[in-house]
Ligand code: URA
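What follows is a single chain, given as structure tokens, in the form predicted alone.
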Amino acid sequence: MRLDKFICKSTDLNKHDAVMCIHDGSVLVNGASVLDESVQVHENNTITLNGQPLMARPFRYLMVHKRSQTICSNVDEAYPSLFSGLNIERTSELHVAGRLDADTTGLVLVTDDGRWSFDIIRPQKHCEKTYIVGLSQPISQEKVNTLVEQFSNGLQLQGEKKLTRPAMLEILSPTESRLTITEGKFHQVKRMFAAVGYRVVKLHREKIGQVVLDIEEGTWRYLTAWEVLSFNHTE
């Protein structure tokens, strides 16, 4: 963790004030003055501010049910932040592990633990994400098996050199499907359906890894210890 972030996570200081404390020599790491806010520090380091030892607050792991027309950002922009209206303290310390488009709803994992979120989003982990997909036109019964096989074999997306990783497609109704992927390419679900001639008009994420969305839209809860640890076993 960066030293300035550690100070913010250990005190009520904002980033600007934390950096000022570092630059004026008020912060010691293992007894030595460190003037660079980008220095990486760890749990076993002894860090003091004006002689007082600091201890970072425990990491937070949250599930948020994202509403449509909100963005996965800490602050409002063209659309309001997904945190808008949610009673969550110190949202500036949090980040999203796997963003959703403004018009996409559903499960978002939020944390202040960068190592945990990195293990979820890095491609080598092949973490499964499951979506409910609404289409603008129906899939005929004659095309079902062909589409399931195409998604399973991988699709060629425009602008990509490699096929997508094998994905699991389940047809729920002529205009609704469930899709599980293990990647996170830009607009991937929409592009995958576009590659086979269909336009996505509704997209909802219901599951990441073993964590299933189980709360009402526009609400949040802390993840259980089991849910947090479940990502350590994702291959």
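Residues carry their position along the shown sequence, with the first being 1. The structure presented is a predicted model; accordingly, all values stated were derived computationally and were not measured.
Missing here is the form predicted in complex with ligand URA; even so, the following discussion is about that form.
Using a 4.5 Å cutoff between non-hydrogen atoms, H187 counts as a contact of ligand URA in the model of the complex.
For the chain shown alone, T111 is not a contact residue for ligand URA in the model of the complex, no non-hydrogen atom being within 4.5 angstroms. When ligand URA is considered in the model of the complex, Y131 lines it closely, a heavy atom lying within 4.5 Å. In the model of the complex, at least one heavy atom of D101 sits within 4.5 Å of ligand URA. Note on the partner interface in the model of the complex: the residue among L49, A167, L203, A56 having a heavy atom within 4.5 angstroms of ligand URA is L203. Contact with ligand URA, judged by heavy atoms within 4.5 Å in the model of the complex, is confined among 73-81, 116-124, 153-161, 101-109 to 101-109.
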